[in-house]
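One chain comes next, on its own, written as structure tokens: the form predicted alone.
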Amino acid sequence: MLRRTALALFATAFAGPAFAQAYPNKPITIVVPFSAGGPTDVMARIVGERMGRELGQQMIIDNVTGAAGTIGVGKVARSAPDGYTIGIGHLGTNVVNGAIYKNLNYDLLGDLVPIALLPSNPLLVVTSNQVPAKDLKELVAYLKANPDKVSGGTAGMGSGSHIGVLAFFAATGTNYQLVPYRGTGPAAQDLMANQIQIMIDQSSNSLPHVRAGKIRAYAVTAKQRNAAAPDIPTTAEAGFPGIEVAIWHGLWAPKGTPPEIINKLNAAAVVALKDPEVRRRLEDLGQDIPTPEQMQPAAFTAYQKAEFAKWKPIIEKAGVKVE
């Protein structure tokens, strides 16, 4: 009996490292908390495919939509901490939602382990081609003159597109009806059809439609013009310096995932973002790519906590909450 007990304790003590060394031996699921075709989904597919090649396993995309990403993030938080279910999210899903949603059934800081910081994306102020304004000042005047005729799409309260709207409202003194979608991909389709008239959307989602002439861009919410779209002025250049928002993305695993597995996933993400083809595709979408040092789990953990401290008072001042 004593011998069997000792063997059991020995096996338990070494199960974690041995499991981590064998990892991964089957496909890995990346939960995307928004619909297919949106900026977070595109990021997951570009980075995930390259990570899968590095890890020697397929990365399966699972789009779990609804409630501004809280359903998908919750699924990750409740998953087995074995490295086979991880999640992608961003500033909205993994910071802002913690201040907006008062009854989340998970703790964004306590129930999820940061794996790697991913690229960040400024927002574009875009409208349907039916909107007559020629520049941002004319657009603001149009919105003020037609408050009941304009609606704008977001991916839900707390999403990146919603954060952009809050900054836009505060800086311009405008307001319009907000229409929540399960992702900005479907919202962009309605924008092109003039079912909605405006979005404050990630450039990775909107820029291809702008280039195709299907929607109109007025400004980018960054300090400097975006290299992928140098002809689009910054919001400051367009007359509204108070709108500076970038939506960073990241990867997380459930609490309790072994550090060895977190490190393997992080290393694969770093390799992915060093790949010239991956970088070209992301930069072409207007993404800013972090350094390997910024991507490390410890650095990403500190950054996420700092973003909580920054955005919580902003959200509370705006009075945005969901009970």
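Note that the structure is predicted; figures quoted are calculated from it, not measured. Start at 1 with the first residue shown and count on from there.
In what follows, reference is made to the form predicted together with a small molecule, a form of this protein that is not presented.
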| item | value |
| --- | --- |
| Segment assignment from 30-38, 260-268, 287-295, 45-53: heavy atom within 4.5 Å of the small molecule in the predicted bound form | 30-38 |
| Non-hydrogen atom within 4.5 angstroms of the small molecule in the predicted bound form for each of Thr70, Val73 and Gly87 | no |
| Contact test in the predicted bound form: Gly250 vs the small molecule, heavy atoms, 4.5 Å | no |
| Heavy atom of Pro122 within 4.5 Å of the small molecule in the predicted bound form | no |
| Contact flag, Pro114 vs the small molecule in the predicted bound form, heavy atom cut 4.5 Å | no |
| Interface membership of Gly185, the small molecule in the predicted bound form, 4.5 Å heavy atom rule | yes |
| Position in contact with the small molecule when the complex is considered in the predicted bound form, options Thr221, Ser203, Ser161, Asn94, heavy atoms within 4.5 Å | Ser161 |
